[in-house]
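Below, in structure tokens: the form predicted on its own, a single chain.
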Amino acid sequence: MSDTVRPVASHYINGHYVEDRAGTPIPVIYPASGAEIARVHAATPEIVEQALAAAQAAQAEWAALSGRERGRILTDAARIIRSRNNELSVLETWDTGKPLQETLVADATSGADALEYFGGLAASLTGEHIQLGADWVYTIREALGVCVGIGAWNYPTQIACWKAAPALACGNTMVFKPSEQTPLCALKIADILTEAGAPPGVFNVVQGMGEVGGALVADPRVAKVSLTGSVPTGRRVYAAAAAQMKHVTMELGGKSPLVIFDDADLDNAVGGAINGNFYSSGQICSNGTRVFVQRGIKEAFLARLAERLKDAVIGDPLDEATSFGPMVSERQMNIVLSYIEKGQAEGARLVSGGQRIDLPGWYLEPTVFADVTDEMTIAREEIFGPVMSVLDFDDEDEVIARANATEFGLSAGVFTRDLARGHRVIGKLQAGSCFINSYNDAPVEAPFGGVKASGVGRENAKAAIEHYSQQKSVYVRMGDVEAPF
């Protein structure tokens, strides 16, 4: 990794990089080779205290700025990110192993979109006037205070911005902890926000594992916790935040259904299934990994899918021709291999893939199972890897019931030429982020989040403002006060 890309220290606090080598070393491993490319140190209690103190000290002054002043800083940060998209995309590829072909269009650019959107929204965050005869009420939208963001390893740049942008637009400050597996990208975002004019302490980054996140969540100075992660981690963090009545946003996992009716455009449906299972090597929480295909077109769907999978270019993620990269870690690769073994053991038909690829690093073939039934492990549990389960169905009522028979509810998709049916089915599917004749689009203008075990609250869009601010109501009496005595 070149020195122009490599962050210069483990943490970013109060407007500058900070190092404390007393913290546990965290090697940064490049997934395409298995080589250590950098090393950071987990935050010590002293580092955690520095970050929280900096965020608390900066918050009142930051909130006192006008929305337009805060927004200008966020939009300037977005401009800087776009001007450095190549550098930031290379860093994302080093951090995650995702192909540069993908990171150039889906990561730093998505982060810039969020900062620009909420930067533009910041000046519009006003209260309202409510007339009550001669009396009246006005409301004030207030910041929550210090927020903690906890990121996942699959989209480190995007997640940092998705959490920072609405939080900062509303006048909060933030301490962000990236995943220990992908610690580098958020540091660059913090540096860019400072360059754009964010006062010291407004956005801070500390590294570490679960104990660092736990210390941040439990601190009484923290008003809000936003987590992107697994359902088990979300349950623990949600419970810890609830003990102190903190605001929360939980963006968790899923086992989402993608329903393909027999009148669907076959190539579009196959493309949606590829996006919903193999983009980012399948490491996306919203993926539609239960692909329900109406029985009459199942074999045609599988045949066309097999043809399209031959076009995957697997290799060096830094080569822009590569379209399919490695898993993020050896551990994650082995987890996915164990699910592939379970799928075969439980009777699913392996149509393609299923093997580790003979390359340095942690590559798996794009894997497709057919004849999957609802009770199979691969149809019930989130795999978080390039494994597609194809399930047969006969009619609309049946597939809706089966699609909803899960604890998860993050996403759902429907492919059909009958738009009335598309809207009808989506209306009955229990999921928060849904698609008709598409899959996995996530524009910042649209709310993103799940129902049931897949999460609480929403990221992006105007909905996120409600999760990073609170309203104060003020009743103004214009006449005398009546009292019983």
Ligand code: NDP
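Just count from 1 along the sequence shown to find any residue number. Treat the numbers as computed from the prediction; the structure is a model and nothing was measured.
FYI, the form predicted in complex with this ligand isn't displayed, but the following is about it.
(message) Check residue 233 for me: does it contact this ligand in the predicted complex (non-hydrogen atoms, 4.5 angstroms)?
(response) Yes, residue 233 sits close enough to this ligand in the predicted complex that at least one of its heavy atoms falls within 4.5 Å.
(request) State yes or no: in the predicted complex, is some non-hydrogen atom of residue 209 no more than 4.5 angstroms from a non-hydrogen atom of this ligand? (result) Close contact exists here: in the predicted complex, residue 209 approaches this ligand to within 4.5 Å, heavy atoms only.
(message) Since only the chain is shown here, I'm wondering whether residue 62 would be in contact with this ligand in the predicted complex (any heavy atom pair within 4.5 Å).
(response) Result no; residue 62 lies far from this ligand in the predicted complex.
(message) So in the predicted complex, is this ligand close enough to residue 276 to count as touching (4.5 Å, heavy atoms)?
(response) Heavy-atom contact with this ligand at 4.5 Å: absent for residue 276.
(request) Just one of 380-388, 268-276, 294-302, 121-129 has residues with a heavy atom within 4.5 Å of this ligand in the predicted complex, so point it out. (result) Stretch 380-388 is the one.
(message) I have 177, 180 and 253 flagged as a candidate spot, so tell me whether each of them has a non-hydrogen atom within 4.5 Å of this ligand in the predicted complex.
(response) Looking in the predicted complex, the three residues 177, 180 and 253 all sit within 4.5 Å of this ligand (heavy atoms).
(request) Let me know the one among 77, 168, 260, 227 whose heavy atoms come within 4.5 Å of this ligand in the predicted complex, would you? (result) It is 227.
(message) Just to be sure I understand the contacts: of 81, 285, 114, 364, which is the one whose heavy atoms reach within 4.5 angstroms of this ligand in the predicted complex?
(response) Checked against the cut-off, the match is 285.
(request) Could you run down 394-410 and flag each residue that has a heavy atom within 4.5 Å of this ligand in the predicted complex? (result) Only a single residue, 410, comes within 4.5 Å of the partner.
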